[in-house]
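Just the one chain here, the form predicted on its own, laid out as C-alpha coordinates.
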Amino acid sequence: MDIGGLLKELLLEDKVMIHFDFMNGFFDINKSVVITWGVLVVLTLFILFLTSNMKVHNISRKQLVAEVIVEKLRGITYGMLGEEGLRYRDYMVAVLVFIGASNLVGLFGLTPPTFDLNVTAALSLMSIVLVEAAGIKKKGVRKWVKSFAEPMAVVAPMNVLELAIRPLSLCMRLFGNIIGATVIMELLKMAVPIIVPAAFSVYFDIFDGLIQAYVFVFLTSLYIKEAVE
(Lines give C-alpha, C1' and ligand atoms only; values in the text may rest on other atoms or scores of the structure.)
Protein backbone atom coordinates (compact mmCIF):
# COMPACT_ATOMS: atom_id res chain seq x y z
CA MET A 1 0.00 0.00 0.00
CA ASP A 2 1.40 3.43 -0.91
CA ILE A 3 1.42 6.42 1.44
CA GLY A 4 -1.61 7.96 -0.24
CA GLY A 5 -3.61 4.78 0.19
CA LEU A 6 -2.53 4.43 3.81
CA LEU A 7 -3.47 8.02 4.59
CA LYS A 8 -6.86 7.55 2.93
CA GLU A 9 -7.46 4.38 4.93
CA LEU A 10 -6.55 6.12 8.19
CA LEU A 11 -8.72 9.15 7.53
CA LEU A 12 -11.69 7.09 6.38
CA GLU A 13 -11.49 4.44 9.08
CA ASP A 14 -14.65 3.73 11.03
CA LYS A 15 -14.56 6.40 13.71
CA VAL A 16 -17.78 5.20 15.38
CA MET A 17 -17.34 3.20 18.59
CA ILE A 18 -20.95 3.10 19.84
CA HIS A 19 -23.68 2.85 17.23
CA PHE A 20 -27.34 3.63 17.83
CA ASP A 21 -29.65 2.23 15.19
CA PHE A 22 -31.76 5.38 15.14
CA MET A 23 -32.05 8.36 12.76
CA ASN A 24 -29.33 7.03 10.42
CA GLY A 25 -26.65 7.13 13.07
CA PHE A 26 -27.32 10.70 14.20
CA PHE A 27 -26.63 9.69 17.81
CA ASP A 28 -23.54 7.57 17.10
CA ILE A 29 -20.63 8.14 19.47
CA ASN A 30 -17.17 8.37 17.93
CA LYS A 31 -14.03 6.73 19.27
CA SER A 32 -12.49 10.13 19.98
CA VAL A 33 -15.37 11.03 22.32
CA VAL A 34 -15.16 7.75 24.23
CA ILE A 35 -11.37 7.92 24.55
CA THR A 36 -11.54 11.58 25.57
CA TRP A 37 -13.94 10.74 28.40
CA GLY A 38 -11.71 7.82 29.33
CA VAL A 39 -8.71 10.15 29.57
CA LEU A 40 -10.71 12.58 31.70
CA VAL A 41 -11.88 9.81 34.03
CA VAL A 42 -8.32 8.49 34.48
CA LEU A 43 -6.97 11.99 35.13
CA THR A 44 -9.77 12.72 37.60
CA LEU A 45 -9.16 9.51 39.53
CA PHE A 46 -5.42 10.19 39.56
CA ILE A 47 -5.97 13.73 40.87
CA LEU A 48 -8.42 12.51 43.53
CA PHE A 49 -5.87 9.91 44.63
CA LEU A 50 -3.06 12.45 44.93
CA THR A 51 -5.16 15.09 46.68
CA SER A 52 -6.98 12.89 49.20
CA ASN A 53 -6.25 13.49 52.90
CA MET A 54 -4.19 16.62 52.29
CA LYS A 55 -2.72 18.35 55.36
CA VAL A 56 -1.06 21.63 56.25
CA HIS A 57 1.58 20.03 58.47
CA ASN A 58 3.32 16.65 58.38
CA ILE A 59 2.34 16.08 54.78
CA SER A 60 2.59 12.65 53.19
CA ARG A 61 4.84 11.69 50.29
CA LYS A 62 1.76 11.49 48.09
CA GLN A 63 0.85 15.10 48.90
CA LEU A 64 4.45 16.14 48.33
CA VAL A 65 4.38 14.55 44.86
CA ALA A 66 1.09 16.34 44.11
CA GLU A 67 2.47 19.71 45.19
CA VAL A 68 5.66 19.25 43.17
CA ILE A 69 3.68 18.33 40.04
CA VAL A 70 1.40 21.35 40.42
CA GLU A 71 4.27 23.76 41.06
CA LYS A 72 6.27 22.46 38.10
CA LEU A 73 3.31 22.71 35.72
CA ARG A 74 2.40 26.17 37.00
CA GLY A 75 6.02 27.21 36.59
CA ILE A 76 5.99 26.10 32.95
CA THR A 77 2.86 28.06 32.08
CA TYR A 78 3.87 31.09 34.16
CA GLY A 79 7.06 31.34 32.14
CA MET A 80 4.94 31.48 28.98
CA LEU A 81 2.23 33.88 30.20
CA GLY A 82 4.19 36.30 32.36
CA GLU A 83 2.77 38.38 35.21
CA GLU A 84 -0.04 39.95 33.17
CA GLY A 85 -1.45 36.60 32.14
CA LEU A 86 -1.13 34.97 35.55
CA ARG A 87 -4.90 34.47 35.96
CA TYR A 88 -4.93 32.09 32.97
CA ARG A 89 -2.12 29.89 34.26
CA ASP A 90 -4.27 27.09 35.70
CA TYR A 91 -6.39 26.81 32.56
CA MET A 92 -3.27 26.41 30.45
CA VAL A 93 -2.02 23.74 32.88
CA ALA A 94 -5.29 21.84 32.37
CA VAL A 95 -4.95 22.06 28.57
CA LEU A 96 -1.32 20.95 28.73
CA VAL A 97 -2.16 17.91 30.87
CA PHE A 98 -5.19 16.96 28.78
CA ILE A 99 -3.44 17.11 25.40
CA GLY A 100 -0.35 15.40 26.77
CA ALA A 101 -2.39 12.58 28.32
CA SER A 102 -4.51 12.25 25.16
CA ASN A 103 -1.41 11.85 23.00
CA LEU A 104 0.00 9.20 25.35
CA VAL A 105 -2.91 6.79 24.85
CA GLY A 106 -1.16 5.55 21.70
CA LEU A 107 1.13 3.60 24.02
CA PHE A 108 -1.86 1.39 24.87
CA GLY A 109 -2.82 0.74 21.27
CA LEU A 110 -5.58 3.37 21.24
CA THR A 111 -6.08 6.15 18.73
CA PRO A 112 -5.34 9.56 20.32
CA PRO A 113 -8.39 11.86 20.46
CA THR A 114 -6.26 14.51 18.76
CA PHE A 115 -6.28 12.28 15.66
CA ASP A 116 -9.86 13.56 15.21
CA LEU A 117 -9.97 16.97 13.54
CA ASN A 118 -13.10 17.83 15.53
CA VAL A 119 -11.15 17.55 18.78
CA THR A 120 -8.24 19.75 17.67
CA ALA A 121 -10.69 22.27 16.17
CA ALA A 122 -12.62 22.47 19.45
CA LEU A 123 -9.43 22.95 21.47
CA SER A 124 -8.28 25.69 19.07
CA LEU A 125 -11.60 27.54 19.18
CA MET A 126 -11.60 27.43 22.99
CA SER A 127 -8.08 28.84 23.03
CA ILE A 128 -8.84 31.71 20.66
CA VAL A 129 -12.06 32.61 22.50
CA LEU A 130 -9.99 32.78 25.69
CA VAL A 131 -7.36 34.93 23.97
CA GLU A 132 -9.89 37.47 22.72
CA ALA A 133 -11.78 37.43 26.04
CA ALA A 134 -8.48 38.17 27.81
CA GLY A 135 -7.88 41.11 25.47
CA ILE A 136 -11.39 42.50 26.04
CA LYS A 137 -11.09 42.12 29.81
CA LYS A 138 -7.75 43.93 29.84
CA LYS A 139 -8.49 46.73 27.35
CA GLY A 140 -12.27 47.04 27.32
CA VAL A 141 -14.42 46.57 24.23
CA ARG A 142 -13.63 49.95 22.67
CA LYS A 143 -9.85 49.69 22.98
CA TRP A 144 -10.00 46.05 21.87
CA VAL A 145 -11.79 47.04 18.67
CA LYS A 146 -9.37 49.92 18.10
CA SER A 147 -6.41 47.56 18.49
CA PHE A 148 -7.27 46.00 15.13
CA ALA A 149 -6.34 49.30 13.48
CA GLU A 150 -2.87 49.40 15.07
CA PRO A 151 -0.31 50.54 14.10
CA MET A 152 -2.34 52.03 11.21
CA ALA A 153 -5.91 51.66 9.93
CA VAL A 154 -4.81 50.09 6.64
CA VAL A 155 -3.75 46.88 8.41
CA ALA A 156 -7.15 46.39 10.10
CA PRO A 157 -8.38 43.79 7.55
CA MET A 158 -5.22 41.75 8.07
CA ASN A 159 -5.60 41.89 11.85
CA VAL A 160 -9.22 40.74 11.58
CA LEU A 161 -8.18 37.94 9.23
CA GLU A 162 -5.69 36.83 11.86
CA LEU A 163 -8.63 35.93 14.12
CA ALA A 164 -9.46 33.14 11.66
CA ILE A 165 -5.87 32.19 10.90
CA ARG A 166 -4.80 31.65 14.51
CA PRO A 167 -7.30 28.90 15.44
CA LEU A 168 -6.79 27.27 12.04
CA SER A 169 -3.04 27.27 12.60
CA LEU A 170 -3.36 25.78 16.12
CA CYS A 171 -5.84 23.18 14.91
CA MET A 172 -3.92 21.99 11.84
CA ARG A 173 -0.51 22.03 13.55
CA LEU A 174 -1.67 19.68 16.30
CA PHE A 175 -3.76 17.50 13.98
CA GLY A 176 -1.07 17.37 11.29
CA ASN A 177 1.67 16.28 13.66
CA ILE A 178 -0.45 13.57 15.25
CA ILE A 179 -1.60 12.14 11.93
CA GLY A 180 1.95 12.36 10.57
CA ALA A 181 3.27 10.33 13.49
CA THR A 182 0.45 7.79 13.04
CA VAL A 183 1.24 7.34 9.33
CA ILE A 184 4.94 6.84 10.06
CA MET A 185 4.17 4.24 12.72
CA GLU A 186 1.84 2.35 10.37
CA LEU A 187 4.49 2.33 7.65
CA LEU A 188 7.09 1.03 10.10
CA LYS A 189 4.76 -1.75 11.23
CA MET A 190 4.34 -2.89 7.62
CA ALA A 191 8.01 -2.60 6.66
CA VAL A 192 10.10 -3.83 9.59
CA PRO A 193 9.92 -6.28 12.53
CA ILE A 194 7.84 -5.31 15.56
CA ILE A 195 10.89 -4.40 17.69
CA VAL A 196 11.69 -1.36 15.55
CA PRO A 197 8.14 0.10 15.63
CA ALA A 198 8.09 -0.47 19.40
CA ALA A 199 11.26 1.59 19.76
CA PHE A 200 9.92 4.39 17.55
CA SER A 201 6.64 4.31 19.48
CA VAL A 202 8.53 5.55 22.52
CA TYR A 203 9.50 8.65 20.54
CA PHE A 204 6.23 9.35 18.70
CA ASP A 205 3.83 8.45 21.51
CA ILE A 206 5.80 9.94 24.40
CA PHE A 207 8.32 12.56 23.31
CA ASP A 208 6.55 13.89 20.21
CA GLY A 209 3.12 13.70 21.87
CA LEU A 210 4.28 15.76 24.85
CA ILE A 211 6.12 18.21 22.61
CA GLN A 212 2.94 18.84 20.60
CA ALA A 213 1.03 19.50 23.83
CA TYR A 214 3.72 21.97 24.90
CA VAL A 215 3.73 23.75 21.51
CA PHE A 216 -0.07 24.13 21.54
CA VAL A 217 -0.02 25.64 25.04
CA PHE A 218 3.01 27.79 24.26
CA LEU A 219 1.38 29.39 21.22
CA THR A 220 -1.90 29.95 23.06
CA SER A 221 -0.03 31.51 25.97
CA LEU A 222 1.91 33.71 23.55
CA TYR A 223 -1.36 34.96 22.05
CA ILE A 224 -2.76 35.66 25.53
CA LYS A 225 0.41 37.51 26.51
CA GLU A 226 0.13 39.69 23.41
CA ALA A 227 -3.58 40.33 24.09
CA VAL A 228 -3.08 41.55 27.66
CA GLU A 229 -0.02 43.71 27.09
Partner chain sequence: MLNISVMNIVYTVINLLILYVVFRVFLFKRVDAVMSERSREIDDSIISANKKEQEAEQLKEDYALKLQNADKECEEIVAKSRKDGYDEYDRIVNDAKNKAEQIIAEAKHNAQVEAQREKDAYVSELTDLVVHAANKIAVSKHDEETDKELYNKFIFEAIEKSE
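If you're wondering where the values come from, they're calculated on a predicted model, not measured in any experiment. Residue numbers count along the first chain shown, from 1.
Although it is not shown, the form predicted together with the partner chain is what the next lines describe.
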Residue contact check: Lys55 to the partner chain in the predicted complex, 4.5 Å heavy atom: yes
When the contact criterion is heavy atoms within 4.5 Å, does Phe148 count as touching the partner chain in the predicted complex? no
Do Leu117 and the partner chain share at least one heavy atom pair within 4.5 Å in the predicted complex? yes
Is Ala94 a contact residue for the partner chain in the predicted complex, using a 4.5 Å heavy atom cut-off? yes
If contact means any heavy atom within 4.5 Å, which of 134-142, 71-79, 148-156, 103-111 contacts the partner chain in the predicted complex? 71-79
Output the sequence-ordered list of residues from 164-186 with at least one heavy atom within 4.5 Å of the partner chain in the predicted complex. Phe175, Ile179
